[in-house]
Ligand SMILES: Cc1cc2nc3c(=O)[nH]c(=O)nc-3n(C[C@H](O)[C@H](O)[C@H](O)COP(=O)(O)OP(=O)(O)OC[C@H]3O[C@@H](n4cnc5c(N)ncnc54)[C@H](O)[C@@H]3O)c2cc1C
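Only one chain is given next, in structure tokens, and it is the form predicted alone.
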């Protein structure tokens, strides 16, 4: 049984809309896939999971048809089990370490995790509500994966936890940055409802600009997990023309309007600049919105791109034209609107260093594309206006918070930080892992304080 054909829709089916591309296993498929596991004594797959999920244990429970036990096993380490099963680049993490690779294809750990999480959510299984035994209040600023993980862990320890979220819905980029064909909004909201049932309170449309106010309200510790809501721009000539968007604003428009757009008009020809997962998401969304041709242009070679191999494969299968080792020169316009894109081929000055300053343009390789829309997807940055409100907290660069690696302490006592605002952008599962560790550090801090 092929891992690919068992879990994804065919490319032509995928492009017709925003239906989730991953099919959930049927019970017999999950059992057969779990039965291929070698049950290694010192399972290398578990070492490859940033959140520390005991993969061997949860697969073993599937083999014995103990699905409740399987999902409990996952959630002990990763409260966002269902979400990470859908968006985690497991082919670069746990599946990469699978011992089965030496004799066959690796176990499809991602599909098995999706299976048990989907079964649990369909059954509406919920944790027992926690009593605030400690009567100690903790504030979480930001409801992305790091903030949700910290909140759930501390609530399970008996703390009274409140999340403050600036947007209308919780979830951060899980809600506003990942398109529905990869992560349905229903899956995100079900996971958040699960966390609320643990006892976590979530206050949306509440932007915290002064942490002193939280301390005055008797919060004994504060965790900052605001992520990277700002979009990085290249600074190209023509960047201010109509029809030029950042990937974040484009994806947010698609997601909030349920597969349609109100603010962005893509036309028939689209260029996406960037080689990461966000660029792949933007390209695949453009196809689903009716673009006849989508070109993705990036500095890196195909195997050098920061996107996950699966994301690249999906875009390539769907018909995205992937142009590698090219540098953008300018965006061409007429009457205030985009009409074209100009780029040039590059080589690397120093091998293995994939940054713009290391790229050398190759004379004679200039090219132009006729386009209606340009989408920049070259990374995210902090909301500097928000971070400036966190008085007394050391920052670096354009506003990344400086926190100690093991304790997640910032320069201000009682304030902790983790996730993208600290590590400058990583996977959702890494944010969960950091959130788990930060919760332990906050618990230790509050116990010492008492």
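Positions refer to the first chain, counted from 1. Since the model is a prediction, treat every value here as computed from it, not as a measurement.
FYI, the form predicted together with the named molecule isn't displayed, but the following is about it.
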- prompt: Given that the named molecule is left out here, which of 142, 85, 328, 274 has a heavy atom within 4.5 Å of it in the predicted bound form?
  reply: 142
query: Pick from 91, 167, 118, 295: which has a non-hydrogen atom within 4.5 Å of the named molecule in the predicted bound form?
result: 167
message: Can you tell me if residue 9 lies within 4.5 angstroms of the named molecule in the predicted bound form, counting non-hydrogen atoms only?
response: no
- prompt: With a 4.5 Å heavy atom cut-off, would you call residue 312 a contact of the named molecule in the predicted bound form?
  reply: no
task: Flag residue 428 as yes or no: does it have a non-hydrogen atom within 4.5 angstroms of any non-hydrogen atom of the named molecule in the predicted bound form?
output: yes
query: Taking heavy atoms and a 4.5 Å cut-off, does residue 281 contact the named molecule in the predicted bound form?
result: yes
message: Checking a candidate spot here: are 182, 248 and 380 all in contact with the named molecule in the predicted bound form (at least one heavy atom each within 4.5 Å)?
response: yes
- request: Using a 4.5 Å heavy atom cut-off, indicate which stretch of 356-364, 238-246, 337-345, 169-177 touches the named molecule in the predicted bound form.
  value: 169-177
statement: In sequence order, the residues of 197-216 that place a heavy atom within 4.5 Å of the named molecule in the predicted bound form are 206, 207, 208
